[in-house]
Ligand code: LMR
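The chain below stands alone and is given in structure tokens; this is the form predicted on its own.
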Amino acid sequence: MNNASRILTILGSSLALSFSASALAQSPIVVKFSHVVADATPKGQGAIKFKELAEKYLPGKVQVQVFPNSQLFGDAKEMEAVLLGDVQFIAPSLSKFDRYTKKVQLFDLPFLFDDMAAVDRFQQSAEGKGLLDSMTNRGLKGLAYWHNGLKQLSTNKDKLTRPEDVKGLKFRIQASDVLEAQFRQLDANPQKLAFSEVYQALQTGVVDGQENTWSNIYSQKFHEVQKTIANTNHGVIDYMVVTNAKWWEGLQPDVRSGLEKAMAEATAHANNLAAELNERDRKRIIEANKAKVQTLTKEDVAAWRKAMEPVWKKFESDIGPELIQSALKSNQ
């Protein structure tokens, strides 16, 4: 090969490498968003809205793939998946974070918040926002709180108005020390099960009851395999959208900014939708007339609150009394 041929070969190789590098640089960042509930729920709709907005604000730079209904990872594996980088976004229930920070156990305390407006006020406070960054040393970066709604209690029994009505019954719970203590305080038997396994467990009698929001109860058809749902509003099921802290910090500033903007708008959309869907699905459950919905009196609620006082005391030192007081102020 003469010198001219060598030069042309080298130039050709350089151009090919340059083209390859340019094509690689232009490839969109694939962002996988995995969650465990249906598309029709507030979380499902929030994830879809985030995809729409992220791809709108970062055209050609980001491709968001949403995987609902535990298609990629179930309750037990999704946290590990985001820490390993197998997915980029997950939105677990706040109950799932107690092994990373005990402070988030706050949200599991029964009868802490009067309503969802109080939950929202606390989450937007300095103390609430501070919890989003409370796990960065463990590899998790919180980006937003997404509402689901207040929890209702259901069983396969006819009566469910007072604490003594659940004595001896088996209840499905998320993996949470507070929720476990909540049912043990009532002399009931908590059973940890993945969300995807709850319907069959209720249908076959593996558990007698569960606690969930109206939208989750309806979308998962739990009302079809339960006799009674008590309108307790005894706790909150909200989510924290989290990502891998190292991955997040490694993004280009413009990409991170675009994702933050998309997340803020998707959060507003999801949280507005949550109230609408829960009210709609509450009415649908009543109309379906498969499970009887019971409304509690003020005296009933007072009895439940009294029964739950020892649970607060048990976890006060781990959560922090100041944080609990800050949450209580949001009820005012």
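Keep in mind that what you see is a predicted model, and the values were worked out from it rather than measured. Numbers follow the displayed sequence, beginning with 1.
What comes next is about the form predicted in complex with this ligand, which does not appear here.
So, Lys141 and this ligand: in the predicted complex, are they within 4.5 Å at any heavy atom pair?
Taking the distances in the predicted complex, the answer for Lys141 is no, it never comes within 4.5 Å of this ligand.
Counting only non-hydrogen atoms and a 4.5 angstroms cut-off, does Thr232 reach this ligand in the predicted complex?
Thr232: no, not in contact with this ligand in the predicted complex.
Residue-level contact is defined here as any heavy atom of the residue lying within 4.5 Å of this ligand in the predicted complex; does Lys103 satisfy this criterion?
No, no contact at 4.5 Å.
Taking heavy atoms only, is Arg172 within 4.5 angstroms of this ligand in the predicted complex?
Arg172: contacts this ligand in the predicted complex.
Which pick from Ser93, Gln182, Gln123, Gln88 sits with a heavy atom within 4.5 Å of this ligand in the predicted complex?
It is Ser93 that has a heavy atom within 4.5 Å of the partner.
Going by heavy atom distances of 4.5 angstroms or less, which of Thr243, Gln226, Ser176, Asn212 would be at the interface with this ligand in the predicted complex?
That would be Asn212.
Look at the stretches 104 to 112, 249 to 257, 234 to 242, 161 to 169 and give the one with heavy atoms within 4.5 Å of this ligand in the predicted complex.
Every other range fails; the passing one is 234 to 242.
Within 4.5 Å of this ligand in the predicted complex, which residues of 132 to 147 have a heavy atom? Give them in sequence order, or say none.
None of them.
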